[in-house]
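Shown next as structure tokens: one chain only, the form predicted alone.
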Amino acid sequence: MKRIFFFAICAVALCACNNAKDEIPGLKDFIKDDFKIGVAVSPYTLQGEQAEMVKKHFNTMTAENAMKPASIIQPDGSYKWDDADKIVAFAQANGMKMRGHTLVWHGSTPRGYMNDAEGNPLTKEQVMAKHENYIKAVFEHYPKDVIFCWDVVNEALADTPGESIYRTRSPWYQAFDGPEFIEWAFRTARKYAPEGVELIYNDYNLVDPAKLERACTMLKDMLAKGVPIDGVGMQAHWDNSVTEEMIQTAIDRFSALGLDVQITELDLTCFNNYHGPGAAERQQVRQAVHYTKEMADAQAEEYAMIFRTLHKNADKISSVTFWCLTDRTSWLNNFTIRGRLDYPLLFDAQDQPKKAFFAVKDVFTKK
């Protein structure tokens, strides 16, 4: 009898929990037409309860890793689309759109890609021919009505001021002996991209004044030469040091260039940002840290500020994408310190909405 009573209580609790989840509005329902709202996913995200969360809250997705070159290009030069195709099929089945991520990125260049069979460096012309075949294959493979934009070049800018504004250690920079690969990538993408697909330059820490200046210098130069760049993806791996003024300034600078602005990889670490000066201090915290009320309050306040700013700039911003669905699946867990969890998203490790979720909701629903 006790066992029956226990299971009955559990069933009621589970039912109540599910009903509570059903009563929570979807992000896309209260953000409405301000901008597309998306999430980064893997094929494993699109199963069970998390699949239902994706369908309820978002109208776009980004493949966290499955569409990157290193995930598709195999050692023998063939292409493997399996994981990406699962995500695209989910999008098609549920009336969702996708951001393509990414075509050229030093962090996802397959090992040995810039070398011949004997290990000798390929010439610039050989690299161009090889990767043009890949870009062509990408645009031919994916359905034209699903992917609305592509991150063509990812993270080409240097982090610190110096003789070059570019990341000179990138294999792409070295293969082209300079930043010409950026122009080449965008012109090649435009050659094969379906009409209406936006071509995006994507990078992190663009709210930092020094890096923002480097980005604007590069983009002005490219646009003056007629390079077909349609927009900027502001990766938003931010912390509580990011201010409304920083976000607004970046949006205004990019919009003034005639570019669409997209927030592409939004999460809000509970620790110091690993980019810039905060990185050193972040590394010092080596013990596990629990998610405290103080953390939750500060995070909710920061998320509210971010979305108030984005809401005010809805005419300049076409999409906003969270980088992962819940704290349980965030890439920031164990980064940069093994064994330490982070809590950067609107949903916790049990898939429940956090205080930050309701703070964002209030931005759009409280008058």
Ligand code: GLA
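Worth saying up front: this structure is predicted, and the values here are computed from it rather than measured. Numbers follow the displayed sequence, beginning with 1.
Just so you know, the form predicted together with this ligand exists too; it's not on screen, but the next bit is about it.
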In the predicted complex, does every one of 36, 150 and 318 come within 4.5 Å of this ligand, counting any heavy atom? no
Contact of residue 154 with this ligand in the predicted complex (heavy atom, 4.5 Å): yes
Does the 4.5 Å heavy atom contact test between residue 64 and this ligand in the predicted complex come out positive? yes
Looking at the partner-bound form in the predicted complex, is residue 68 within 4.5 Å of this ligand by any heavy atom? yes
Even though the partner isn't displayed, in the predicted complex is residue 237 close enough to this ligand, meaning a heavy atom within 4.5 Å? yes
Tell me which of 248-256, 120-128, 154-162, 192-200 has residues with heavy atoms within 4.5 angstroms of this ligand in the predicted complex? 154-162
Among the candidate residues 105, 184, 166, 271, which is the single one with a non-hydrogen atom no more than 4.5 Å from this ligand in the predicted complex? 105
Let me know which residues along 312-344 have a heavy atom within 4.5 Å of this ligand in the predicted complex, or say none if there are none. 323, 331
